[in-house]
Ligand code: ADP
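As structure tokens, one chain now follows by itself in the form predicted on its own.
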Amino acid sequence: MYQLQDSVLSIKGIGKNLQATLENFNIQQVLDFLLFLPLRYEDRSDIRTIEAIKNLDLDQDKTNFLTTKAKVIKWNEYRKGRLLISRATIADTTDQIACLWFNNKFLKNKISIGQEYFFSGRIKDGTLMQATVEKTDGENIHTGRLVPIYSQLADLKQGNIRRLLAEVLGKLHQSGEAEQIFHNLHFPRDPQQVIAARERLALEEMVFLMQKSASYKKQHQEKKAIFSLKTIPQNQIENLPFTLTKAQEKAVAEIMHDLSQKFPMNRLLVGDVGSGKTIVAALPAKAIVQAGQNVCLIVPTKILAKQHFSNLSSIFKEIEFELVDAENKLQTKNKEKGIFYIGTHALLKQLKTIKPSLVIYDEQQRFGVKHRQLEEHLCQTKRQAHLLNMTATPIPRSLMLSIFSHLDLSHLDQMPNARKIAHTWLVPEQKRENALEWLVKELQAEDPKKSRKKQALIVCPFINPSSYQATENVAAVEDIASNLKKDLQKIYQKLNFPAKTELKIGLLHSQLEKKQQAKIIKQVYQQEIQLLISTPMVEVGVDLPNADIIIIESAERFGLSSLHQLRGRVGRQGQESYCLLFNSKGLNQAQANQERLQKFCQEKDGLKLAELDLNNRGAGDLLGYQQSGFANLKFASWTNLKIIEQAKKTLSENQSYVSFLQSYLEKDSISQGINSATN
């Protein structure tokens, strides 16, 4: 019998070499192996007669695998050069059909003439090709059922993975529901069993995270802050060159209050794109610096670091700033007066030297990763720096309070008066040319203030065209740039534009060398480039104040929250701005979920869009590809409110609840991230 905590080496069929390989996939115990879940399932449960299979209209019937139950009446095997060819004729009471296999050297040991088997394969030219063969007198795991399909695991073939899992499940000694849950995940009788089992894993994960979060909050409040404000400045807001919203004022007051406490702040500042999170964080930071303490603002990109350095140093001239990134090394050390340091990950390596009393993370959308870095670089135990995380990812407040109860939450639910969300349209393919002509006219039109040129972004999901059939029509930067130049030439000729007024186009993506990326970005900020074609790398951490228009290609490939983030890249100075959505070329309009994109065009609130995403997705694509959620959740989704409520109810009924996934989740990056956020 197998226990969940047993080593995978105990599983029959796994030797030391395979054990070492599986360890590279973080599969060390039986539980780890059982949680290597299928990517999808193939329905091979529809067992048809040979006559029915031969009469199928394959143009109409899109079934991937056809399964029949038949006896072998002929068998032969021969070589053609290096190619091993196996042929069989199989028959049932209705008809007979030929089967063909290539390079399957183990097949002859499976097949006996006169024996009945299940055969599952694809039909080509009236022949059943590369069929999976399985006896009919046992519990089938490869045919005649919903068959699990797994991602690549070492050199194991799909059949071997299924056989090893069947071995474990057949001899699993586990009390409670766990055994049945795992069986339903790998060898379900129907799709509903999969859905229920996946939801149960999600519930176990949420309960575990809630328990950890509550435990860490208690531990956190027993620690002491490195520094606390003795008095809270009262005139911080009055000296600003603009007016804060009520939500910003409230958030500033909450952070200031935290900074005056004896235990360290651990707060999350959530605000929609353009809601003004940076200034909310900067005001308390200024108070800390004026009290003689250092502050570090850590951002994801060098571009954003330079932008924050330029903007904040121009607003707060009374304090000293320093930029720290790959190009600008740490200059000032151990000064008596406080300094506001702004930088990228390069700043993390200097935290031990700087000894900040407040650390701020901007665009902190992967909980846990940078928390661990903070603990590592500060090397603090009893006394800790205040910690403020900022995120633009729209997450319902009730969810945040439930899952991250160890974090205090400030929410910016108002937009500054000057900030306008871009007018948004879903443009049909037949109007693409008209839309491009409109774009040219807009970019060529003079700004009323004559202080700047208008600029636009075109965002594509891919860098290069995909070679996969399922994604071959998805927009790629290189293709769009090539086609756009041709289309623009036609428009210039139509509008009689002189050559000197043609738009300067730039390409930006991760495969460019860093120097080339920096050059392109510099040209964009200096308004030398009016039309930037980019991947979604502009979504997070790039502030393009002059951008007026964004075109999102293959919009159906993005979630609503990602579309909202991209839309927030334009109109950041309060100017009228526009967002145009295009579907992938050749995509059937019904397949593109037009209703979903039309709702996005109408809705401007990030939280409501997050809820729409939830309604569209439900509990996740449980029979398709595995969910990859915010912050690498293993089984759940941050927006699955049904599971959240179930987890809260479970804990209210049993505070000492112990998840059967505990040993697995203890190793998970999420729990480690939450832990190190408060240690």
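Residue positions are given as counts along the sequence shown, with the first one as 1. Note that the structure is predicted; figures quoted are calculated from it, not measured.
There is another form of this protein, the form predicted together with adenosine-5'-diphosphate, and it is not shown here; the text below is about that form.
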Residue-level question: is G276 within 4.5 Å of adenosine-5'-diphosphate in the predicted bound form, judged on heavy atoms? yes
Can any non-hydrogen atom of P188 be found within 4.5 angstroms of adenosine-5'-diphosphate in the predicted bound form? no
Could you confirm whether F242 comes within 4.5 Å of adenosine-5'-diphosphate in the predicted bound form, counting heavy atoms only? yes
Contact label in the predicted bound form: Q248 to adenosine-5'-diphosphate, heavy atom within 4.5 Å: yes
Of 552-560, 523-531, 267-275, 429-437, the segment with heavy atoms within 4.5 Å of adenosine-5'-diphosphate in the predicted bound form is residues 267-275
The unique member of G121, P148, P536, P416 whose heavy atoms fall within 4.5 Å of adenosine-5'-diphosphate in the predicted bound form: P416
When adenosine-5'-diphosphate is considered in the predicted bound form, the residues of 90-122 having a heavy atom within 4.5 Å of it are none
